[in-house]
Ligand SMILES: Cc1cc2nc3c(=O)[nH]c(=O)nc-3n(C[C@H](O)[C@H](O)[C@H](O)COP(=O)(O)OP(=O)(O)OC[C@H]3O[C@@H](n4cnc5c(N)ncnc54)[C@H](O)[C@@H]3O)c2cc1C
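Starting off, we have a lone chain in the form predicted on its own, written out as structure tokens.
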């Protein structure tokens, strides 16, 4: 459904090879230990995938959102945690690539697999309202001083830099924002806590605190007070469409595992396959339809981003919620279809459906949550301002 060119398909084939060889075999252990998927991310870095969307002038592959979604879908079928860490890196790199002060050395380093970034948007004070940080920059002796308490920052401990939001020093509204590049080694940057979530257990999410972090004007990624524009027009498409692709990948993994279960499992005393049971076939058909429908929605959103129109922002937002809700439904049904085999982590021939079930829930609550997206879509349909 992604309709890739021959060149794009070769990139996709390489991503599948990396996923099969390095990412998939480590997924269960990453989930069990709740550890950052270091080796999986290194495999992507070694093959140049950290620079997937970086322009060729900086050594990147120069690919767009369509290839990104296809790659994330493929990775998420093996390990959703790796896909989420990778997607957050691509989201941060999108801001760097469109920045008014392009961090050229950082872009080159990322393309070489030597610099990992992520987003630091959510704050304890504004929760899932990512567009309205409560922190506010200060200006001192020609420098910018940042103080903020950021929550749930994916890849917090392993990132080399963070795309940080804060209110502009001259802000008149809650959405007059700025985006800055903050380096992990900057004085005043600290990370606390360890992620121990229900799903996406390897995403290394933790609170990030900035205490009098002092940086130069050259770290600004947007024009004065124009952070929201960059957030919505540059980063949000990468973030939301990437999230949708990950949810679809999780659903696809559950479909494949269910198919394997009912076509290989047997009632020995009847000498029948589980596939001989009409209900099992119906469940498999249902989750195949659900997953294909979500992927088709994502493809439509990609078409709209490439050919923008009045509905583009809605489709981008819808894609995250639609895919997240699909992954939850699909993994629910997959558990019913696979019974104890799918529910357990310990039985031989583990299907991975139990992990898919838990990972699928993450996108629903990850800001903007599905509830918040429904609210934003409702506002848009009623002719109201989306972000205020």
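Residue numbers count along the first chain shown, from 1. Just so we're clear, the structure is a prediction, and the values are computed from it rather than from any experiment.
Keep in mind that the form predicted together with the ligand is not shown, yet the notes after this line are about it.
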{"query": "Contact test in the predicted bound form: residue 205 vs the ligand, heavy atoms, 4.5 Å", "finding": "yes"}
{"query": "Residue 120: touches the ligand in the predicted bound form, heavy atom cutoff 4.5 angstroms", "finding": "yes"}
{"query": "Non-hydrogen atom contact residue 15 with the ligand in the predicted bound form at 4.5 angstroms", "finding": "no"}
{"query": "Residue 362 within 4.5 Å of the ligand in the predicted bound form, heavy atoms", "finding": "yes"}
{"query": "Option from 300-308, 253-261, 284-292, 195-203 whose residues, in the predicted bound form, bring a heavy atom within 4.5 Å of the ligand", "finding": "195-203"}
{"query": "Contacting member of 88, 316, 182, 230, with respect to the ligand in the predicted bound form [4.5 Å, heavy atom]", "finding": "88"}
{"query": "One residue of 113, 265, 128, 225 in contact with the ligand, assessed in the predicted bound form (non-hydrogen atom, 4.5 angstroms)", "finding": "128"}
{"query": "Residues of stretch 130-164 in contact with the ligand in the predicted bound form (4.5 Å, non-hydrogen atom)", "finding": "152, 153, 154"}
